[in-house]
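Next up is one chain by itself, shown in structure tokens, the form predicted on its own.
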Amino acid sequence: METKYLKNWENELNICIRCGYCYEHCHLFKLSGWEVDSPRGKLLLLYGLTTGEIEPSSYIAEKIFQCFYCGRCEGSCSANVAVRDIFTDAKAELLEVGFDPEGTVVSIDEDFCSKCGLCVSVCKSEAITIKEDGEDKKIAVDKVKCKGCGLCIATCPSEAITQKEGFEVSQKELLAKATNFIEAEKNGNPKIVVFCCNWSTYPELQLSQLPVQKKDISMIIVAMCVGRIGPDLILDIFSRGAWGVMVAGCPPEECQHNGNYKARRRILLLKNLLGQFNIAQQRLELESIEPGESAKLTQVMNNFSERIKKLGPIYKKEV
């Protein structure tokens, strides 16, 4: 395989010292535990492609396209390897030679798509565009630019945008996690679900630096971006018996996808609508947490749980 784009990264691929620090924060590696899902493993695959020791395959293409571009690998790289840029060029290379993997890239179901363009407006990566197809319009996804944040999925009113299951980031998978926790909690403690942003709190969670004192009553779920936490998901969680829901995202101006602004608008709107479902507004909370603020997250979680305790179980008073 002629590596037109990857050839420019031969020096970077040689600079990588294969230390493995990059996979300590990688969501995909944490899920599978397989080297090939880690940034280091993928760089080794790409190194093999550039040297000709490895032939390209659908399997390799699928692995390279599985990345949420969170950048934690680069943040922990002592050699300062531009991992995300390398992956982007590798994706372009693999597409050009004929591979068409799913990866973590979103896809559009044209049968359900209304061409409203909301997905275009929220995509900070400019991966989604409206294209003219004769007299019709079509929503197109650039697989190279798409970072899989999922903000477009939560925004789409017709649920026409989907992402491959299995990465524990879809609405269905997030709901399943929350439901399992709610149903398992049988001792009368408050059932509180806390969604944390992958970018702002994930390192502390993975390195066990988060001193959560009341983990027996709270379920922390890491989302790739809080912008993909939609009102439907929160209402579903309440309907399953959660006493409270907290969403902890990046502070203003610090979100890579502007998902925190989208989440704030949705949650403020949902709070105003909770009364129609006989749910107290105090049961839903939005917090901004900067990277490294594990103590703040612990404090706001504990304060929230104290307020929820006073409200009691969901629907006990509301309905």
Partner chain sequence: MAKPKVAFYWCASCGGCEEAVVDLAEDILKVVEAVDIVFWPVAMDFKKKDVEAMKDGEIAVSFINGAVRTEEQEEMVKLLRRKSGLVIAFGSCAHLGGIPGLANFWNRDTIFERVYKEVPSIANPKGVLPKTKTKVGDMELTLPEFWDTVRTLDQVIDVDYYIPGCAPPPDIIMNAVSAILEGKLPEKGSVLAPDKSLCDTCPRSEKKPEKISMKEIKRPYEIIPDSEKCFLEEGIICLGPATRSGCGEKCINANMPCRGCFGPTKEVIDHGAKGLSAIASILGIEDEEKLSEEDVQKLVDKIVDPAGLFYMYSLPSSLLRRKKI
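On a predicted model such as this, the values are computed, not experimentally measured, just so you know. Positions refer to the first chain, counted from 1.
There is another form of the same protein, the form predicted together with the partner chain; it is not shown, and what comes next is about it.
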* Which among 78-86, 94-102, 243-251, 128-136 is in contact with the partner chain in the predicted complex, heavy atoms within 4.5 angstroms? -> 128-136
* Asked: Is the partner chain in the predicted complex near all of 8, 11 and 146, within 4.5 Å of a heavy atom of each?
  -> no
* Does the 4.5 Å heavy atom contact test between residue 154 and the partner chain in the predicted complex come out positive? -> yes
* So in the predicted complex, does residue 40 come within 4.5 Å of the partner chain, heavy atom to heavy atom? -> no
* Would you check, heavy atoms only and a 4.5 Å threshold, whether residue 268 touches the partner chain in the predicted complex? => yes
* Would you check, heavy atoms only and a 4.5 Å threshold, whether residue 274 touches the partner chain in the predicted complex? => yes
* Interface residue in the predicted complex among 108, 116, 222, 182, criterion: non-hydrogen atom within 4.5 angstroms of the partner chain -> 116
* To do: Output the sequence-ordered list of residues from 14-42 with at least one heavy atom within 4.5 Å of the partner chain in the predicted complex.
  => none
